[in-house]
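Below you will find one chain, with nothing else, as structure tokens; this is the form predicted on its own, and questions on how it binds or moves follow later.
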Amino acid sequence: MSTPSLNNFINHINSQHLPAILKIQNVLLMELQKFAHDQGFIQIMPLLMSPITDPLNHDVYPAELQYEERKLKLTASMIFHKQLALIPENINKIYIMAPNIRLELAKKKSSSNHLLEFSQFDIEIKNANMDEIMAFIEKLYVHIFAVIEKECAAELTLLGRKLPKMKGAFPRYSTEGMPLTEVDAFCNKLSAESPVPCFVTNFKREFYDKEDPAKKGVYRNFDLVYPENYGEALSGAEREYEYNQIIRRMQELNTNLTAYENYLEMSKHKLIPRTAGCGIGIQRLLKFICGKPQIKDVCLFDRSILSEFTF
């Protein structure tokens, strides 16, 4: 072939590992949905554009488009729509296989673990707390790893991957009292040294993650960190839903209130329910299961940071 990028694509798509990865991905996607369905969740369809999306807690390139006279944002996450979807009285648990666009700054994020276009297994539960969400995640991971170990034994052998055992509750660690400058290093150390996934709680980030009413500066949120240096797996939290608290948090973070006018109006009229949830990065989970060093290794088409965008 005439170009290195085209040669790289041909080698990747013809790799003997790729069919094994796609088989594991197929089982993973089916089991995520089946487990949620069996637990009483209702699946809703994803949105790819909206007047508002997740503001994130770090800089990204803008991902937006102009339609007629309106500017729309491409979905960074469906965080606000998850809350709104739980307004109906008889809907209490939802899940979404949600595509997301985050145009990360290459100088700030790792190409080994970040995609510009990725999917999340998003869940949200009405009247739940973060302990209930973490308990759900533990059961989900135990189930998924048991099924994949059984149904994808040949594929795991081809990949040279022996899955870590998932059983019981995952260890939990709090960053309360820890300087912000030390949090990332702490999570990296856990990822390097723990033999199992670990929950880390209390991150100061987006305004929608709930601050503990009894402890100002402590947040009712968490990450799950994979072992074997695979890093962050997912983020979750209880959500802010009370108008005055949302306003205070937005002002604290210098968030543009005008952009969220309709959302704030819903909160002002006490229409947003109390919820908690999380979003599991599907490609990161697949990367961990398959034991691959680069996230692009588990993607049919490369959308990682610094991708050559061959196709």
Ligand code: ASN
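Position 1 is the first residue in the sequence shown; the rest follow in order. Because the structure is predicted, anything quoted here is derived from the model rather than measured.
The discussion below concerns the form predicted in complex with the ligand, not included here.
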- Item | Distance check, residue 240 to the ligand in the predicted bound form, heavy atom within 4.5 Å | no
- Message: Since only the chain is shown here, I'm wondering whether residue 236 would be in contact with the ligand in the predicted bound form (any heavy atom pair within 4.5 Å).
- Response: yes
- Message: Is it the case that residue 31, even though its partner is missing from this view, gets within 4.5 Å of the ligand in the predicted bound form, heavy atoms only?
- Response: no
- Message: Just checking whether residue 114 would be counted as a contact of the ligand in the predicted bound form - the rule being heavy atoms within 4.5 angstroms.
- Response: no
- Message: If contact means a heavy atom within 4.5 Å, which one of 182-190, 195-203, 75-83, 155-163 is the stretch that engages the ligand in the predicted bound form?
- Response: 75-83
- Task: State the residue from 208, 226, 136, 95 whose non-hydrogen atoms include one within 4.5 Å of the ligand in the predicted bound form.
- Result: 208
- Query: Among the candidate residues 246, 272, 285, 278, which is the single one with a non-hydrogen atom no more than 4.5 Å from the ligand in the predicted bound form?
  - Reply: 278
- Check, residue by residue, if 131, 175 and 220 all come within 4.5 Å of the ligand in the predicted bound form, counting heavy atoms only. no
